[in-house]
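Next up: a single chain in structure tokens, the form predicted alone.
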């Protein structure tokens, strides 16, 4: 009887299979300490006064802030501009690399170079291009196209937004590119070759075979890049200074300049809501069927 009980216990342990949970434990502890707990503290600051009473006054003050609408509008414009451009460029580069052309491996390294550049450094680089005495004005002047420097970063013109979009596209397209390349490498070549045998041209192979099988990677890339675009901050500050404001910049100013962590937390919670909403939309619209995963 004792041996039978030991055997039943071992069977239960095998069924329980604690190995995956043990492997996930360090990640769960890390997420709890550095993400869940700070998020809880931010929620507490956004909805609680210093004396511990629940309130919505900070959210009301945020929505009534003069800079809120401007920051929200600029953030939306940047997301709508940056994400489609980056996705199209990254998808084009990834498909070209997957065609196994000569020197394709070198292209991967070249396309991935901006990954090593921080967002602040990228903003400074593009500021040096667009500033009054920057590289672009110097080039145009030496070519005789202008007689005096052009104010590209004048906040009254759309050029600062253009500079921010170019800086973000240059800096972060490689993130989407790496994800899509990894997804393309997981697609069996047999599917593409079979479509070619049945007479599908290059566009048909991309549209009918590659893109449907690439949907999980597209979903991941769009979610990640949209969330990062909503949170864009350093590039905006480096390129446009205070002339252009976004939600993340307002959260920073309320915390560092106006000394109001409650308002900064309210802005942070609003950014979190937008990020979660965008992720939910992508998960619903780009849902991957189980048979496609198999």
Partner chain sequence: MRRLAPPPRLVGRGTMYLMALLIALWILIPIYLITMAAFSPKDVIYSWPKSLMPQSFSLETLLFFLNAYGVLASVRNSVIVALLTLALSLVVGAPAGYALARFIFRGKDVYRLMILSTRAFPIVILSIPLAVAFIRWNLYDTVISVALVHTAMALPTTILVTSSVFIGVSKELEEAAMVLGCNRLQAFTKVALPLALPGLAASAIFTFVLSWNEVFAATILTLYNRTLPAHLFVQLAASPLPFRFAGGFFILVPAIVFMFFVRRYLFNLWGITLK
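Bear in mind that the values here come from a model prediction, so they are computed numbers and not experimental data. Residue numbers count along the first chain shown, from 1.
Quick note: we don't show the form predicted together with its partner chain, though the next part is all about it.
*Asks:* With its partner chain left out of view, choose which of 89, 151, 76, 161 has a non-hydrogen atom within 4.5 angstroms of it in the predicted bound form.
*Replies:* Answer to the contact question: 89.
*Asks:* Might residue 279 be said to contact its partner chain in the predicted bound form, defining contact as any heavy atom within 4.5 Å?
*Replies:* Answer yes; at least one heavy atom of residue 279 falls within 4.5 Å of its partner chain in the predicted bound form.
*Asks:* Under a 4.5 Å heavy atom criterion, is residue 72 part of the interface with its partner chain in the predicted bound form?
*Replies:* Residue 72 lies outside the contact set for its partner chain.
*Asks:* Since only the chain is shown here, I'm wondering whether residue 27 would be in contact with its partner chain in the predicted bound form (any heavy atom pair within 4.5 Å).
*Replies:* Looking in the predicted bound form, residue contacts with its partner chain include residue 27, since a heavy atom lies within 4.5 Å.
*Asks:* Just checking whether residue 63 would be counted as a contact of its partner chain in the predicted bound form - the rule being heavy atoms within 4.5 angstroms.
*Replies:* Answer no; every heavy atom of residue 63 is more than 4.5 Å from its partner chain in the predicted bound form.
*Asks:* So which residues in 60-99, when you check its partner chain in the predicted bound form, have a heavy atom no farther than 4.5 Å from it?
*Replies:* If the 4.5 Å heavy-atom criterion is applied to its partner chain in the predicted bound form, 60-99 yields 89, 92, 93, 95, 96, 97, 98, 99.
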